[in-house]
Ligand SMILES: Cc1cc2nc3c(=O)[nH]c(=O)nc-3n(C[C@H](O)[C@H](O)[C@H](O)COP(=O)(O)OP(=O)(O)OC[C@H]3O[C@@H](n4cnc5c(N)ncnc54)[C@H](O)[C@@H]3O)c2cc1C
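Form predicted on its own, single chain, as structure tokens, below.
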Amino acid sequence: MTQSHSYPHRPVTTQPAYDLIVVGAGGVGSAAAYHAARRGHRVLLLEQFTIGHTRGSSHGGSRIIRYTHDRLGDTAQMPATFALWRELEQLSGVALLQMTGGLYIGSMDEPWLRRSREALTALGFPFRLLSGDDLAAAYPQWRFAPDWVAVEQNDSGILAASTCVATLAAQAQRFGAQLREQTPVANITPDGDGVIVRTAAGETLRSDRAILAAGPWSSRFLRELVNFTVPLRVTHQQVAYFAARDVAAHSVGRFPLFIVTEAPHFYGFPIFERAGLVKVALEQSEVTVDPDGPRAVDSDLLDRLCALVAQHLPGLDPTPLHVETCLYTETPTREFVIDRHPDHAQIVIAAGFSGRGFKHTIAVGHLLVDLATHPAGDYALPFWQNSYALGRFAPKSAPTHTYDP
């Protein structure tokens, strides 16, 4: 049974202090604040912890950015997304993006790898398909089944995640945004044509618009905001750092970032964050967690990862020297939620980005500000995709919104 929610439609009696309040200052929220402030809006960015905290999904020294996707829409957006990151580098003077090239590895008919080749081909983006023999000859650092292939695509690199978030927040403030850390939000409610944001400390803040970008904590707000369930799943993830026996062979220029698309899915980077260490991670979807719960390394998951490293990366010592934990927040299809509230367009919702979302954050922030500032029915916006629509989760008996940008 779905809940029903009613909100008072009384006029706001006090002039809102802000044009836009952004709740959550991870990658998505900080990007939204940056774009909105740069456009001249009065922006308040609220963060329950501090910029760069390690409780969510936006921290760490490296995230993959790539043209190679199995969805045509995602692939098509990447040149513009890269351009936004490069523009931020120029504005800030901070290096954020290290190009490395990428290898995407699996069997010839593996669905993700096949769809990715089709998307790259359809858009005219160059790549090279390596046979198992080609892969072994060009990249002896890996050891895979001889009948596997690899898509080699040069438009792949590393974003320095924590540095990106700090830079987005700093540039938002440079353009006039206010940042308040250690400010948990209790609830967000529509108020006439505006929005009221109440903090956990009891403070009432008023704004014309609000963007919810609460990461793993999104469901707590969504249960109050919408009258149907938005299926977000928060899972435990971890990454480990392994010593390279031959540092040069595992450095940028000789060791591209890689994604193994066959199950069990694992991925890794050249030496980047930590001297002499290669970062590798195994994706898992079994262990769901409370985002406010304790964090601990999952020893079973780590043992599985070490076994994969020993099997496929013979140049690494399979005993890690460092392990970090983080969270994924995903919908069942891993497609993002980016949309206006179905009844209160002044509230814009962004959720479900973990696992593949960090590379997109600067473009998502751009889209969120467009959704917040354009008329409610306008979806003819850069970076919009129909798969983002919130209404896809509404029960068939409930009103739904169809968008045709």
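The model shown is predicted, which means the values in this text are computed figures rather than measured ones. Residues carry their position along the shown sequence, with the first being 1.
One more form of this protein, predicted in complex with this ligand, exists but is not displayed; see below.
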Requested in this report: Specify the contacting stretch among 177-185, 86-94, 102-110, 115-123, defined as having any heavy atom within 4.5 Å of this ligand in the predicted bound form.
Outcome: 177-185
Query - Listed residue (Thr75, Gln237, Gln141, Thr261) with a non-hydrogen atom within 4.5 angstroms of this ligand in the predicted bound form - result: Gln237
**Report entry** Among the candidates Arg63, His41, His366, His341, the residue which, in the predicted bound form, approaches this ligand to within 4.5 Å (heavy atoms)
**Finding:** Arg63
Query - in the predicted bound form, Cys326 touching this ligand (heavy atom, 4.5 Å) - result: yes
**Report entry** Heavy atom of Leu46 within 4.5 Å of this ligand in the predicted bound form
**Finding:** yes
Query - Close approach of His374 to this ligand in the predicted bound form, 4.5 Å, heavy atom - result: no
Requested in this report: With heavy atoms only and a cut-off of 4.5 Å, decide whether His35 touches this ligand in the predicted bound form.
Outcome: no
Query raised in the report: Going by this ligand in the predicted bound form, which residues of 24-41 come within 4.5 Å of it through any heavy atom?
Result: Gly24, Ala25, Gly26, Gly27, Val28, Gly29
